[in-house]
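Below you will find one chain, with nothing else, as structure tokens; this is the form predicted on its own, and questions on how it binds or moves follow later.
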């Protein structure tokens, strides 16, 4: 029986968009999605898709991509299918809009994984480019009782184990974990493959599985937010720069020291 791999992916606002297009709705405490700039699949999650597909290139495995949100751009979320993933499951409901609450998102994804019968290996990006919390994968592993190996740059399946080359500050270490397990990967894994024309055509014909809150049979306690967002704003910078000049380097240094003393820096 082929191994089952799940990839957790998130739709995010394009991090490469111009700063002029970035806006916050202060009343709703949320980032406004630019109307003329389409969202993208989180970059680290594309690395996770690539990690799963590298395993699929050499072994008989199935790859299912799972994502949670209040609304999706299907052309965007079908990109993993066009890269070579087999199935796409979207958890879509207005109640799933609290994307800042990592625990709630982890609850949703863990519930979907249970509903799908579990997986031998779950691969995630190290963090999302919108909030950069890096908490959801760890929460999913905890809720499902799985071993978690973080910051992988290479992932392999060997019998009933996953072998991961895990990044550390001065290189990498090789870690093994029994299956089922969860692994997060970083961009050091390598550039995600480009979708092929055949893959794009195949993805066009595939219909994603879409589940709402009722499909996941979640009770009120599981949907209760654990995090309250009190304010969201773009910080205002009032930094000023003063150029200290002198007749030569010694004079400029002396003038700088006097100026710093005036400001009580020493």
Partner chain sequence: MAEGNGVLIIGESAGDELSLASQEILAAGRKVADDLGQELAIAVFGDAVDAVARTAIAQGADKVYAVTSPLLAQFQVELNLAAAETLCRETSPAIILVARTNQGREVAPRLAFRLGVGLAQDCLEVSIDTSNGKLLANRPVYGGNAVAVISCNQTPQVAAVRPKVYVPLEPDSARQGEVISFPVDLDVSMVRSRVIEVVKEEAEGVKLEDASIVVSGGRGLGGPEPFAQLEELARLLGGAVGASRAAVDSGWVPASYQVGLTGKTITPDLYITIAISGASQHMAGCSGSKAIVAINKDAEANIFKEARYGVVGDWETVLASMTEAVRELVQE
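On a predicted model such as this, the values are computed, not experimentally measured, just so you know. Positions refer to the first chain, counted from 1.
Not pictured, yet referred to below: the form predicted in complex with its partner chain.
In the predicted complex, its partner chain sits within 4.5 Å of a heavy atom of residue 173. Interface membership of residue 237, defined by any non-hydrogen atom within 4.5 Å of its partner chain in the predicted complex, is confirmed. Within this chain, residue 226 lines the site of its partner chain in the predicted complex, having a heavy atom no more than 4.5 Å away. Within 4.5 Å of some heavy atom of its partner chain in the predicted complex lies at least one heavy atom of residue 106. Judged by heavy atoms within 4.5 Å of its partner chain in the predicted complex, the contact stretch among the candidates 74-82, 164-172, 111-119, 87-95 is 164-172. Residues of 249-266 that come within 4.5 Å of its partner chain in the predicted complex, judged by any heavy atom, are 249, 250, 252, 253, 254, 256, 257, 258, 259, 260, 261, 263, 265, 266 in sequence order.
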